[in-house]
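Presented as structure tokens, the chain that follows is alone, the form predicted alone.
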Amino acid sequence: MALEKITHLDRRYIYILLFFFVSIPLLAPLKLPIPISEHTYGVYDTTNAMSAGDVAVCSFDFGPATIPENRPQAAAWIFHARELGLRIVALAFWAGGGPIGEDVLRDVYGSDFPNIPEYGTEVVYLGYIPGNEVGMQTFGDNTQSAKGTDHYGTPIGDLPLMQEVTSAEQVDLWAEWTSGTPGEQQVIQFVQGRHGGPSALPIVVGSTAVSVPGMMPFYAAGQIVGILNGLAGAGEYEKLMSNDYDYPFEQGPGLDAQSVAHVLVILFVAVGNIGYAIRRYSGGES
């Protein structure tokens, strides 16, 4: 039977089909509906509830490998925070996150960043802070002892915003963009847990999709108040932003392609298993 031949199909044909079908929505977006998850609403609503002048830490704890998922999450959130008048202390506890964070901030604040009027008072970029968990704890306990200068060599003590934010006690929201360790669990343990708990320092997270299941216990416990789940979470947040602000919805074609790829993989698995079952129960080799 034809389905039996599936078990001997050259895998290169599968890659060709996948390439073809994924290319279609990238070239001609399907504009599939995007339901907004409660976890995305958690990030959006928590950020919306902040008041102008509140301080938010934005931590770029991911590397080049997860830019497609983490970068659009961070960019959309920073734009949102800026529109609300939040003051942002941006940094990275991953060495690879240092240059990525600067690139994202330039996208949001303009190519002249950090040479903008609001630098030092409304936004600061500290860059990479070494030490992993130790660096996080040190920053939470005493920001100026974690690093002496910002990403551009300016002494932290000369920046008006950092003169006010001397520890996590002065931080109203922590936005963690992560794809591993250190990440949200270390922020919970070494910063939030030492400075008042979830009520004093709420945490929102943007993560790779594969890591989200491990965050659910912390979300259920209220230690994390919102999660952007991979590329889908980035697209959902962009959709909310495009509804309320003049923000481009750029992840639609990628989400369409992702959906098509998932459907195609499911079909391959189903047809392959049917072919295997027919072969097995018709007396063929297993």
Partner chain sequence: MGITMVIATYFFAPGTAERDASALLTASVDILVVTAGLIGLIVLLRHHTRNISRRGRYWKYSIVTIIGVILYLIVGLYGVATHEQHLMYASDLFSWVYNNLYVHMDMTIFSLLAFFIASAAYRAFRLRSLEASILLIVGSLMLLGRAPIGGVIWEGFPEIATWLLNVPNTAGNRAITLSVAIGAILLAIRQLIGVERGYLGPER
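Residue numbers count along the first chain shown, from 1. A quick note: this is a predicted structure, and the numbers were derived from the prediction, not measured.
The form predicted together with the partner chain exists for this protein as well; it is not shown, and the discussion that follows is about that form.
Using a 4.5 Å cutoff between non-hydrogen atoms, V165 does not count as a contact of the partner chain in the predicted bound form. Among residues of the shown chain, G53 is not one whose heavy atoms approach the partner chain to within 4.5 Å in the predicted bound form.
Though the partner is left out of this view, Y109 does not reach within 4.5 Å of the partner chain in the predicted bound form, counting heavy atoms only.
Mapping the unseen interface onto this chain, Y128 counts among the residues with a heavy atom inside 4.5 Å of the partner chain in the predicted bound form. Of the residues given (I116, L84, L161, V212), V212 alone sits with a heavy atom within 4.5 Å of the partner chain in the predicted bound form. With the partner omitted here, the stretch from 75-83, 116-124, 194-202, 170-178 that lies within 4.5 Å of the partner chain by heavy atoms in the predicted bound form is 194-202.
The partner is not shown here, but in the predicted bound form the stretch 202-235 reaches within 4.5 angstroms of the partner chain through a heavy atom at V212, P213, G214, M216, P217, F218, Y219, A220, A221, N229, A232.
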